[in-house]
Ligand code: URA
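One chain follows as structure tokens, the form predicted alone.
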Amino acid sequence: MAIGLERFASGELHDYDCVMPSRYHRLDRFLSQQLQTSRSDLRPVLAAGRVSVNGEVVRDRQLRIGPFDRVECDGRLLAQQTRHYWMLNKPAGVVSATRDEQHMTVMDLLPEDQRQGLHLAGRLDFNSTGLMLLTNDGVWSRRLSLPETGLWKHYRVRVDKALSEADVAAFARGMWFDFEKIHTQPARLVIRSAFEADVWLHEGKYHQIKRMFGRSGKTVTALHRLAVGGIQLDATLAPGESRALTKAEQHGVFDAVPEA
């Protein structure tokens, strides 16, 4: 028996020595790294049915495993990572990044024991506020950003000049951005008061809302995100506070449509 397998069998290699890959890997490569043995030495281990993935005995050494698969050898857990999903009420003056040399980041606002492995599922500008989503589930976060998903994002916006029905019509038509050579998709604008509106859009182009209002000579003075798809910002969260998403929020994020 190879030295790595001997150490595992003796208990010298503990569960916490093993780290699940952040991406998909072949099963034999993962086992080789974690059990500190060669892939050839693993063949009889797999052939004997000593390895299981998600509760099923696996003999295929080429099986692709991901970060959330449960891998066991001889009934002992080697690795399993839990999916985490968080919402955060971003305050102004905080960078949408995992780290920054000069400013506080949204990651700094999370409980320290919850930050490991998380990434941002979308961003807000430095002085914009409101709902941000963080997760360690790359498939989920990529789906949020796919154009074909058609996910609506809801913002409350304040501007420095009075709004009009011409703004509503301009947002509904979409706008040509010459720098990127693109025409934005139709967006929905609902006027709440002379200087405040709700905006729903599918996209998230660079400073898109600010630039769209800029076409009519208006400057955005405040921008607050209220919802991403079916996930609405929890009204009980003060700026800088966060909480885990519920199961309903995790799955219902893709089902929402704009509201009046």
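From 1 onward, residues are counted along the sequence shown. Everything numeric in this text was worked out from a predicted model, so none of it was measured.
Just so it is clear, the following notes concern the form predicted together with this ligand, a form of the same protein that is not shown.
For the marked spot (Asn89, Glu241 and Arg243), a heavy atom within 4.5 Å of this ligand in the model of the complex is absent from each of the three residues.
The closest heavy atom approach of Asp137 to this ligand in the model of the complex falls outside 4.5 Å. In the model of the complex, this ligand lies farther than 4.5 Å from every heavy atom of Val159. Residue contact check for Arg43: none of its heavy atoms lie within 4.5 Å of this ligand in the model of the complex. Using a 4.5 angstroms threshold between heavy atoms, Lys210 counts as touching this ligand in the model of the complex. Stretch 200-208 is the answer when you ask which of 66-74, 25-33, 200-208, 46-54 has residues with heavy atoms within 4.5 Å of this ligand in the model of the complex. Residue in contact with this ligand in the model of the complex (any heavy atom within 4.5 Å), chosen from Leu151, Met107, Leu124, Ala121: Leu124.
Taking this ligand as it sits in the model of the complex, the stretch 138-164 comes within 4.5 angstroms of it through a non-hydrogen atom at just one residue, Tyr155.
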